[in-house]
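Shown below, as structure tokens, is a lone chain in the form predicted alone; questions about how it binds or moves come after it.
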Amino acid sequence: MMNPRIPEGPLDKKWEWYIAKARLINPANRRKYKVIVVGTGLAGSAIAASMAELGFQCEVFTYHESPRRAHSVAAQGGINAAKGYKNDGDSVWRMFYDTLKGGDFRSREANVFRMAECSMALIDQAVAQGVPFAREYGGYLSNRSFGGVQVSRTFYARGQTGQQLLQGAYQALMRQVALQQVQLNTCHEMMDLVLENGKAKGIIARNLETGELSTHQADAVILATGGYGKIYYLSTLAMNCNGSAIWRAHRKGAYFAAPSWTQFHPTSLPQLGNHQSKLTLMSESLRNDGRIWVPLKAHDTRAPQDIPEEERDYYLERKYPSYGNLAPRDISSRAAKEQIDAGKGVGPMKNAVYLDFQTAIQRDGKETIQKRYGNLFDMYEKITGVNTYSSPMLISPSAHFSMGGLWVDYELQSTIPGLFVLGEANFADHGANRLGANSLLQACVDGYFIAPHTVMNYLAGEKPSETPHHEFGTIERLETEKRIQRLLQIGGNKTAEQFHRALGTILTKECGLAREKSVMEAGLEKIKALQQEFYTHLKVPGNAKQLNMELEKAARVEDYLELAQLIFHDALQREESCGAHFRVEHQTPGGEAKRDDLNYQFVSAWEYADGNFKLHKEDLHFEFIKPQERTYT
């Protein structure tokens, strides 16, 4: 069994007591230690700035030309904090309970409570950094509701919360760059992890502009590289998002936890044709005022304005009256799929449902709705040409957030000593389904408040690295060179993009919103066949000593083809339905997810063993909350 190393003591004292007992390093000695940070989104920029502010040397890597291009910038809706400004009964405990329940009781109590606890200070820090949160008339920060909760705890900066938070983290990072406490390497991708005596001591990086490989040594390595939802090809993620850094660490010994727990966001714009390479996300905040419906009659071709109220099915309000349109993402996505599969889908490809604001506009006025969501309505109109003030949006479920990631203990340390994993790159805080507005929160608190303590606690037990010996990283560098040459020499006739699209189609159809054993077994065989075809028919033009985006893509797709197989293995072994993992064989008579706490109350942690996968388990203990059937009716 895996040991998460959760501190003893009362739930609300665990983190406080951990900090009190954590080992420290004298400020004068901190400059002797160096950490490598891979990724410059919210978690990466925050931890790099925080460690540098403490006095440690930092070397930071991003494949973007600027840290501001990190995908955190795309998060729209908001960030949670249990401030209770609305006097609506919110508290750290309620946020802790909502998050555990939202994740279908498949996350650790101690981690979730810590995230809720740290949310209080995070909002204050973000305000101090200048994040322009919306405010009420009296000056208090405004907040609103997101799915899966009955209080208002989501703080927001119109539809640009991720962008504004990232701007704050970017400023903190660049301050340390200017002070020469952080060495920033843009357009560099991590190709491999370097171990020494079983500990993470460095990375091999590739300069994406010149193709040059370089070796970098440190006393600890921190991965903050985001999630791998792009493996489904059509997703809400940016084209460059990938899972390669964590997969390459997994191949070196870091366990991969719950890889099949991928969230499908219910309010993505639908696919409109076969030419698309990504989908656009609309903020979940829209569900505060937008009502979701489909025609009552299947295959109804009338325009939405021509369908009278009595011929509409507001299915979320009907099935989940307590939460209505703010049902959690996994439930809302599955409910939409049920309607679409029943022939009630709308739009050109009949793959969408309506998100309608007419009731809210009639109730509150167009001006009020415009203030709340104007920029999102403008974005929708630019993409689709449809004015949302007069016609409903088309929305559809789409692959979005990966709850799975590298396994980490309470200190956010992986199974490789010295390798820490932050934000969406780890599996830690969300269980089998993430509640809206908890993603930005986790990334921020991991980077600003948690890892600075835990990484220093680790470094305090380490002797600072000496000047690298000439053999440091030699084997890993040679292996990377061989891998690149192998990809270049295949000489086939299909691009990496074609393989990625085929991979995404298989995953979406056979391990997507609804999963079935026989279908997944067939899907796994298709992935294996696709992998063989990849090594026979891949075509990578150009060479390794130049800017070669096809080569970058090929290496990432090669990683995806292995990761996809692990996703199928993980989904097949979990004979229950929980959160985003919905097994057709395990549902209630009412069609809801049927969890099996007796046999599956654990986190699956997979070890890479020469191309095979070995399952380890971390038992989940619920000491303070008793798991119960998850209902939102």
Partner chain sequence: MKLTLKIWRQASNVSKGSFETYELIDLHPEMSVPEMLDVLNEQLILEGKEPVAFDSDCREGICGQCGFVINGNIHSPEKGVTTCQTHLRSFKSGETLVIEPFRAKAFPIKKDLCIDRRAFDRIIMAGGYISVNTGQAPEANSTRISHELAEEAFDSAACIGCGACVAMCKNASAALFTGAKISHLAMLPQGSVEAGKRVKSMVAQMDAEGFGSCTMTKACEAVCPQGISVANIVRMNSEYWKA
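The model shown is predicted, which means the values in this text are computed figures rather than measured ones. Positions refer to the first chain, counted from 1.
We do not show the form predicted together with its partner chain, though everything after this point is about it.
Visitor: Taking its partner chain in the model of the complex, would R68, D124 and Y448 all count as contacting it (heavy atom within 4.5 Å)?
Guide: All three within 4.5 Å in the model of the complex.
Visitor: Is there a heavy atom of I416 no more than 4.5 Å from a heavy atom of its partner chain in the model of the complex?
Guide: No, I416 stays farther than 4.5 Å from its partner chain in the model of the complex.
Visitor: Quick one: is Y315 in contact with its partner chain in the model of the complex, heavy atoms, 4.5 Å cut-off?
Guide: Judged by the heavy-atom cut-off of 4.5 Å, Y315 is well away from its partner chain in the model of the complex.
Visitor: For E212, is any heavy atom within 4.5 Å of its partner chain in the model of the complex, or not?
Guide: Flag for E212 set to no.
Visitor: Please run the contact check for Q160 against its partner chain in the model of the complex: heavy atoms, 4.5 angstroms, yes or no?
Guide: Taking the distances in the model of the complex, the answer for Q160 is yes, it comes within 4.5 Å of its partner chain.
Visitor: Could you work out which of A238, L488, A502, A514 is the residue within 4.5 angstroms of its partner chain in the model of the complex, going by heavy atoms?
Guide: Going through each option in turn, the one that passes is A238.
Visitor: Looking at A529, A342, L478, L547, which has any heavy atom no more than 4.5 Å from its partner chain in the model of the complex?
Guide: None of the other options qualify; the answer is L547.
Visitor: Taking 4.5 angstroms as the heavy atom distance cut-off, pick the stretch from 247 to 255, 462 to 470, 423 to 431, 129 to 137 that is near its partner chain in the model of the complex.
Guide: Going through the listed ranges, the match is 129 to 137.
Visitor: Enumerate the residues of 252 to 278 that have a non-hydrogen atom within 4.5 Å of its partner chain in the model of the complex, in sequence order, or give none.
Guide: Heavy-atom contacts within 4.5 Å come from L272, G273, H275, Q276, S277, K278.
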